[in-house]
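Take a look at this one chain, the form predicted alone, written out in structure tokens.
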């Protein structure tokens, strides 16, 4: 593969942050394959101790890493610090999950010997990370895969390579070999080459549905490679009867506009009961008008930063105008104060009158509102998507929530909580275009090792009881 420069820019300033050469996929994968057997042969306790040392290295570097995340993604410093905390917390959660999900079991039988269940690592795993959580989300694949005994080739998003490089330095300083976990710098072509490489035994991907579907299609004829896809969502947040309109509005704003809407679990569609529509929408707009949009280190601290780059800002602005031109009614216009910077104000648009609403993930601070008359209509609207990642019901009765939970298609379903902010101590994944039924977070251990069933005896002992001539 031809070498090329990969350049990362700070979204908030436009300044160049990082520059590096694209890596050689063949060379990196070959190195990982050579290193893998020795890593897999290490005792599980050793691998666990090394990832615990990694957590300590991240703790030591926490402020510097958070600063780098803030600079490279544009997210506010408070949010970048939260991401670093999640990286550290992932280690103990993954150790606990591995013990629970892939524990060894033995069942003794005097005549039949021992039945045993153990797990083996797959080999060399490709981890493809996204730009919105450039440390936490790939780390959610990397740590469980290392614990299980896999070697890793990590390709960060071409928009956030500096954070990827800093994360790997922490692994290497912890004593995990630079051949066992390697960084592949590259653009989309490098990612495609890595996914298709014969030396890769599994692909762990977090990103857009478009890219995830391309990976799925590419590997459809190769069932030997395990593929875990965590893709996006067109997530609904439904508001029903509640006296707590202000609290409901806060949950909606947190769901739609945290991380400038650049979360796969962000609420994209607000579905509101007709009788509370005016009160809810008025309060959501009032809160959205107060949100501070700014650079990562501004004082006072902003609620949200810019989107990742100008191309993303252009696409979101065009999407808002498309919705407006096809029957949408603006509640809060999307504003872009600087043409050359990707800062966007949170936008809210009522799309109830639209005949055909695009079922796409608009990855930014753009909330579509739909008014409904009854709960069946609310559930139907919530399910009017090919995605199925997260969904929330705000208000309603326990019986309403039971109906909502039973009938809404999503992998994360909440009540009186935001759509985002899922716990790493629970499985995380979706249905439809949101994933391929391999949830990550607490269930990541399931795709990082495969079960091996054995029956075992110290000495061969056998007999044939029927069907033999006398000898």
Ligand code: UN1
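Residue numbers count along the first chain shown, from 1. As the structure is a computational prediction, the values presented were derived from the model and not from experiment.
The same protein has a further form, the form predicted together with the named molecule, not shown here; the description that follows concerns it.
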Of the residues 150, 368, 160, 265, which one places a heavy atom within 4.5 Å of the named molecule in the predicted bound form? 265
Contact with the named molecule in the predicted bound form, heavy atom within 4.5 Å, among 205, 133, 387, 171 goes to 133
Picking from 341-349, 134-142, 308-316, 218-226, which part of the chain touches the named molecule in the predicted bound form when contact means heavy atoms within 4.5 Å? 134-142
Can any non-hydrogen atom of residue 421 be found within 4.5 angstroms of the named molecule in the predicted bound form? yes
Using a 4.5 angstroms cut-off on non-hydrogen atoms, would residue 428 count as touching the named molecule in the predicted bound form? yes
Heavy atoms within 4.5 Å of the named molecule in the predicted bound form: does residue 90 have any? yes
Indicate whether the named molecule has at least one heavy atom within 4.5 Å of a heavy atom of residue 413 in the predicted bound form. no
